[in-house]
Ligand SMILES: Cc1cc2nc3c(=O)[nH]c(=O)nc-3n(C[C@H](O)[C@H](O)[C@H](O)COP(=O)(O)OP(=O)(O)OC[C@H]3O[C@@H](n4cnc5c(N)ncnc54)[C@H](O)[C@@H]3O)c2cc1C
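The form predicted on its own is given below as one chain in structure tokens.
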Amino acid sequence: MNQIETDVLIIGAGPAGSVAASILQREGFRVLVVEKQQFPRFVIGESMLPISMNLLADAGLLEAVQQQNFMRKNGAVFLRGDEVCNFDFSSQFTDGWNFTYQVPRADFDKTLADTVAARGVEILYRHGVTTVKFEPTHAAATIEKPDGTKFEVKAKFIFDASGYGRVLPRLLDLETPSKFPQRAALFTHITGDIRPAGSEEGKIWVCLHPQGAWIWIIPFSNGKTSVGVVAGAEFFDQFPGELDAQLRAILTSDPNAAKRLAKMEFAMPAQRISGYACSVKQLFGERFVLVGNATEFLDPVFSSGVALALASSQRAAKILVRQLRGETVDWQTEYADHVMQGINTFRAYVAAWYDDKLPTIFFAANRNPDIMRQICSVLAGYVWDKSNPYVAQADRALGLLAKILKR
């Protein structure tokens, strides 16, 4: 079997893989990226968070994104019947970006990958990793080409940014069940969205359906809008029929979504993903690290997927740079503990969303402006700012606040 050598093998050319490739190549290391699919390709996770702007800028990728004229996202609007909670990223506790973008992921991911490829990073599309083994001096991965033939990559380190493909978790038996209940997402892209005017146009809408689900509405600058619904299986059972008919019935049965989407036309067939929540036993090992959705995926409600992918990838790449230069690093403290702190903060918010603590807070008549700014910073992705009490003690703070507001 033919063999090639590189310093770092990156599995996956999505946002996490591109950020890692950009940082490692910039620091002078040889990088090879293998990607199972051909770009551009469709994927959800289209609403970014402001912290992503920091991370893209640090990796030298923000300018390329800004040139794409994506829809500017200034905040998020939560709606339940006649109740509205409108967050604006310009009013938050943490010093950070006050806007980000809504991005068709096919375009966004290809922009990042093309940018790092133009800088000299080799990306092999339609190539998959079939086996890995770890030796005392290197890691070896068997790569399958589109025609079915194989070759081996010998690398000092393997960086798994494979997202939902979760390559190393599958190959190394690192998968473990998520503690979240299994839910499903049903979604499509539409035209005919009746959008708000001005700066409100680009905000994501999250509509709480009267029968126990939530709906996303994410507008794009290309005239299309991403719409979807997330719920347990029992909710979908109330709406029989094919996926298109089912999704249309759900969207038109929520008063807020129905009004905004009264003129919608589906731009593609509806799709459904079930049981997306996942976790792993460990985030790193002797010559490998997991980043992004290859580690843990919680839930789409707060659009944390891309932000956590970029943050974990940036962190891991910078630690790996030091390790490859001969420094002693502590992957547990510097990487795993740090990443899990951010994941666990979002986990607290996702749990509070589904057990009604956050809706209680969001739709309370007597919301405290200072507290809402602190919560806004979490929704902007600044989940490592421990000076924010709604980061440092998220579970306790949200529980206590919801209890007070219910009195």
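Note that residue numbering begins at 1 and tracks the sequence as displayed. Quantities reported herein were computed from a predicted structural model and do not represent experimental measurements.
A second form of this protein, the form predicted in complex with the ligand, is not displayed here; the remarks below concern that form.
- Put simply, R41 is close to the ligand in the predicted bound form: some heavy atom of it is within 4.5 Å.
- Using a 4.5 Å cutoff between non-hydrogen atoms, A316 does not count as a contact of the ligand in the predicted bound form.
- Contact check for I250: every heavy atom lies farther than 4.5 Å from the ligand in the predicted bound form.
- For Q37, a non-hydrogen atom is located within 4.5 Å of the ligand in the predicted bound form, even though that partner is not displayed.
- Note on contacts: among T111, N256, N293, T188, the single residue with a heavy atom within 4.5 Å of the ligand in the predicted bound form is N293.
- This chain is displayed alone, yet in the predicted bound form one of Y335, F297, F78, W97 has a heavy atom within 4.5 Å of the ligand; that residue is F297.
- Note on the interface: of 128-136, 113-121, 233-241, 192-200, the segment with non-hydrogen atoms within 4.5 angstroms of the ligand in the predicted bound form is 128-136.
- Taking the ligand as it sits in the predicted bound form, the stretch 135-174 comes within 4.5 angstroms of it through a non-hydrogen atom at A161, S162, G163, Y164, G165, V167.
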